[in-house]
Every structure is written in structure tokens, then in C-alpha cells.
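Just one chain follows, in the form predicted alone, and it is written as C-alpha cells.
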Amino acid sequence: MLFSPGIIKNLKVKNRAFMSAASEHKADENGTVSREQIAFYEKFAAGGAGLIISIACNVHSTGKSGPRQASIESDENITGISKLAEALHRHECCAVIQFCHSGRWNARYQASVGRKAVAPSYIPDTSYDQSIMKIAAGPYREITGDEIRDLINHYADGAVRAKESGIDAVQIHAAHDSLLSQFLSPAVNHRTDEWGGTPENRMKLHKSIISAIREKLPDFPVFLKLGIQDGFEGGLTFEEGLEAAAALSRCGFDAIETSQGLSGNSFNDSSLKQGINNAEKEAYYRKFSSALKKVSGIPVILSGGIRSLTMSEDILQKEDADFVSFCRPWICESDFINKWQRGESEKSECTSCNQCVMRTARLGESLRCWLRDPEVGAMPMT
């Protein structure tokens, strides 16, 4: 089933093997998609990906997390994104871009350009400050209601630019430690206005964004990447996250990629679990996608620790997801899907060491595989 075609809204996909978004820090300094960035993604399209969710771009300057993060905030960004779409389409690969606002997670970078990061609430001394994302800690402030409404318009304008660029769909990032994940989590959203408090209010930003996009683009495919559960006690629970996912699947989104919400204090309490060395540890969010399939009327994409053809097929055959997505395996090995399709069924060589993530997040380095580039030298994981 992995190599069978699929459909999301009006988008035809040649197979069910996707690439999930990554912050690869390969854009030009002004946020324009670079030749390096296009080459980075095109090799995955050539390697067999049916759909690539790329560039994790910012839609507003307050969401930017590094000097080489791609942007879709200006019409000047359209040309570079168009070239990316053309490169992926050459390989019959669908081109999707992710809209990512990092909220308080980007505080260190925002401080470097003279700004405070924004967050749903200002909460000193929370357990979240002790998470693995403390590597990006810094000053932040509560975002205002007017700023929220302005941000919603930026998402809608970004979607219009994406469509003009020839992109096939956009994905709204509301998982991991993104701003939308922060809004959904009761651990860090302590607002008492229309954007906080009840679960309904905490997902109002998600609903407002898709509503604003639909006003301008009724038929353009829009995906949601949603954090179903936080990685620490007192955060978003599985039951709350599943209820939110079910509600959001009825609001105009065309597919949901399931993942984790806010990170805990180790990699294994985050979306980047380590040591995926046997079948029991693979597909660690299968519980999320399986449950969502039962309550959602839209396609479900499962990512998180999938390393083998056997596991991919089992997920699809048992209808625990409609599509499967990979990220670290692509970074390690750009043609593993083609190998699988040729009958070479060995699992991905990715060891889930997370050096790729740490070097990008801590040092702002361009994303690459440490396993394939050992002379770089390993970073400590604490």
C-alpha cells in the first residue's frame, strides 16, 4: 500500500510516503528560498517521496527562529518558493510548505534582533522552562489580542502567496513547541480572554486561521500538524488533544498529521525520541493516529519513529493512518523509499541520535546527518 496513490482534497499523490517538515536553516539571510534549500529538498523528491512538507517558513517576523529560516511574509518570497515547487514537481512529488510560528521557543533568536518573543501568557518558573527547549530560552511577553488578529491575517496572506507560487498545499504547524501548540496547552496558556481558558477558546486561534484562509482560498488544500498530547505532567492530555483534533477536523482542514505537543525534559518526552532500534519502538504516535481515524472524516498522516517498510505497510493495511511520513530517515538517507520500492527492504539507517536536531537548534547550523558527516564531531545531548 505504501506505493499506491492517494488523494487529499483535490490533490493527487503518487504514493503514501511523505516527508515531514524540518527547520533546516538553509534559506538566504533575507528569508528567500536558496539554491541550497532547493537542492536539499529535490534529492528527497528524486529519492521517492510522494509529498514533501518543506521549509517550515515564518509568516510573521515575531515567529522567526533563526537568520536563515525561510519566510513567506512578503511578495518578494514568491519567486524562490516557485522555484522550489518546480523542482519537486519535476519528480512528480507534491510540494507543500509549512507555516511555522515558534512563539516563545524562538526567544533566543528574537533577543538577538532586539525583540521579545511572544507567547499566549507570561508564566515565570514553569516546568516548561525546564524542558529540552530551554536551549532556546530567553525573554518573552504575552501576545496582545490585536497582535493575534494581525497574525491570523498573515497566515491567510501567506496561503495566497503559496498558491501563487505553484505550491500544492500548506500545512499549519500546531505541534511540538510551536505557538499554536502553546495556545492549545493549559500548561502555558493562562489567558482569561477569548483566546484562553476553555478548550474551545484555546483552539480558537487554530479555527480562526483556517477560517481566514478559507475566505480567500475556498478550495486550496490546507493541512494541520497537531500536537495531541504534551510531554509532561500538567500539560495537554491525550483525551483533550484527541477531542481538539476531532473538532478541528471539521473546521475546514483537509488532512491532519499527528504528533506531540510541548516537549518534556528529555528527548524521549518530545517528538524526537531516541533509540528507535526495534519494531516495538517504531511509530510511537500510532496510538494518536489510530484514535483520530475513528473520529475524523479527513485523511490522517502518521509521523514519528517509523523506520521500516514492514511497519509502514502494517500501519496502512490496518488503517491506523492514510499516509506515513518520515523526517530524520530522509536526512540520513535520501533515497530509502526508492530502495524499498526496488525490493531492498532493510530499515532506514537512521539511528535517531538527534545530532542533526541539536546542531541546528543550538548552533543554527544547516541541517545535515551527523552519521553521514562524522568529522563534525558529536555534541553532548544535555
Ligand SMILES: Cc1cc2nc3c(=O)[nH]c(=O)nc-3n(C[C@H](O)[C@H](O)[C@H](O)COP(=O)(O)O)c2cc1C
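Keep in mind that this is a model prediction, so the values were computed, not measured. All residue numbers refer to positions in the sequence shown, first residue = 1.
The discussion below concerns the form predicted in complex with this ligand, not included here.
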* Asked: in the predicted bound form, do 22, 98 and 305 all reach within 4.5 Å of this ligand through at least one heavy atom apiece?
  -> yes
* Can you pick the one in 106, 71, 185, 259 that has a heavy atom within 4.5 Å of this ligand in the predicted bound form? -> 259
* Asked: Looking at 38, 45, 316, 331, which is the one with a non-hydrogen atom within 4.5 Å of this ligand in the predicted bound form?
  -> 331
* Asked: With the partner removed from view, which of 72-80, 110-118, 168-176, 239-247 is the stretch that lies within 4.5 Å of this ligand in the predicted bound form, judged by heavy atom distances?
  -> 168-176
* **this ligand contact at residue 326 in the predicted bound form, heavy atom, 4.5 Å** => yes
* Closest heavy atom of residue 367 to this ligand in the predicted bound form, within 4.5 Å or not? -> yes
* Can any non-hydrogen atom of residue 272 be found within 4.5 angstroms of this ligand in the predicted bound form? -> yes
* Given that the partner is absent here, does residue 56 sit within 4.5 Å of this ligand in the predicted bound form, heavy atoms only? -> yes
* **Any residue of 278-295 that, in the predicted bound form, places a heavy atom within 4.5 Å of this ligand** => 284
